[in-house]
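To begin, one chain is listed below as structure tokens, in the form predicted alone.
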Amino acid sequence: MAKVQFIKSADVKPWLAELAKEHRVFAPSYDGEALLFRPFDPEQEIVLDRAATMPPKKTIFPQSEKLVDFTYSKDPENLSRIKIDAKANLPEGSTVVFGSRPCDARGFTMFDRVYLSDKNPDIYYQARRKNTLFITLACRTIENTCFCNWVDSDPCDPTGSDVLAIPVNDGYLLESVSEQGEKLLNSKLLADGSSRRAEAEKICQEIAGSINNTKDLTLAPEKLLAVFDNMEFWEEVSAKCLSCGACTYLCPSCYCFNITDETTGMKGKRLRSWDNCMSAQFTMEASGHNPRPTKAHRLKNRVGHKFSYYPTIHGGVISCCGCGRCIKSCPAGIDIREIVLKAIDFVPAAVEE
């Protein structure tokens, strides 16, 4: 049974300071005008009344990380041959992320199906995922760009979290979701929260009830495939797109990357860095041919992957958390919801005989 504790708002920082003695702790705080997950600093304000500008994706999937150190050396038995000595740079230590939203934590479950496959698990992602715990904060307010209810989620969804924190009067109800999360709830700053459970459940019901206009996306996979070759459709919906890639960098479930090697003399390092399917160079081949030559082709792939290809491969699960960041921060005002609904409602023009 889940462990339920209560923490006063005033005790949140002292609790995080306790956790910081054993873990790296990240919490949302301002960096200029952007609200980001930054290393916990007791002198900095923690902002919990709004969702962060960016999800905490970097904590498990860094924007740029060194995978391997390597050294070249000549084979003493055959000087025409070069030997390579490579050493993996596996991450160490444990991390706690405080204040992420349910959509943020759920985003990593999209990664899991790809990077934690039985056949070829990604050892770097696997190490961080295993040693990163999420204390997720249920949403108290809903923005007009939010649509988690469209993708089988809700503002108090514990999926992907280790502890779910629900705002209640004077503090937060903390409910363990995983065994690792339960171990975080042993502080003397916490009190038994059983008496607050009914209050928390009522709040979650009220928040869920405040989201309306739920759309059924059951037909999205097949309908998007039906317009796959209709470039007139994709040129229309992508007309405003700037191909800036902001939507991908702000997305909790986008996981594309590029690999580069940097060498100095006989030593070098292999780096993995975020990449995005909205970039013209993402699919550029060495020959100069690009199978996705226009922004219409690239937007088709982005929307199709999230709402058609991924769910087809992974049991119907849509690779979108409904956080709405791609809508809120798009400089051109593109709304991915409108594109999906337009595809679902699309009726081909009648063919004249």
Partner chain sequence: MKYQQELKDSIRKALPGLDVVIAWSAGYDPLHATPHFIRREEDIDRLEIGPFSVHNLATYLPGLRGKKVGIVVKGCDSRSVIELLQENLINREDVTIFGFPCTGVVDQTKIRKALGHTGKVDFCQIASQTVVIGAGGEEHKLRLSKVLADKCFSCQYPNALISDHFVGEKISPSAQTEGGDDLEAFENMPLPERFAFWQKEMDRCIRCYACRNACPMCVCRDHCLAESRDPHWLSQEDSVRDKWMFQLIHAYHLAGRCTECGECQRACPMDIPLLLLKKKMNKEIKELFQYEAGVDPEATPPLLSFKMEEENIKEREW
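Fair warning: this is a prediction, and the values are worked out from it, not measured in the lab. Residue numbers count along the first chain shown, from 1.
Just so you know, the form predicted together with its partner chain exists too; it's not on screen, but the next bit is about it.
Proximity of residue 88 to its partner chain in the model of the complex falls outside the 4.5 Å heavy atom cutoff.
Contact check for residue 45: no non-hydrogen atom falls within 4.5 Å of its partner chain in the model of the complex. For residue 315, no non-hydrogen atom is located within 4.5 Å of its partner chain in the model of the complex, even though that partner is not displayed.
Among residues of the shown chain, residue 341 is not one whose heavy atoms approach its partner chain to within 4.5 Å in the model of the complex. The single contact residue among 242, 189, 225, 219, judged by any heavy atom lying within 4.5 Å of its partner chain in the model of the complex, is 242. Residue in contact with its partner chain in the model of the complex (any heavy atom within 4.5 Å), chosen from 296, 303, 54, 67: 54. Per the 4.5 Å heavy atom criterion, its partner chain in the model of the complex is contacted by stretch 234-242, the sole one of 92-100, 234-242, 159-167, 129-137. Annotation for 270-285: interface residues with its partner chain in the model of the complex are 271, 273, 274, 279, 280, 281 [heavy atom within 4.5 Å].
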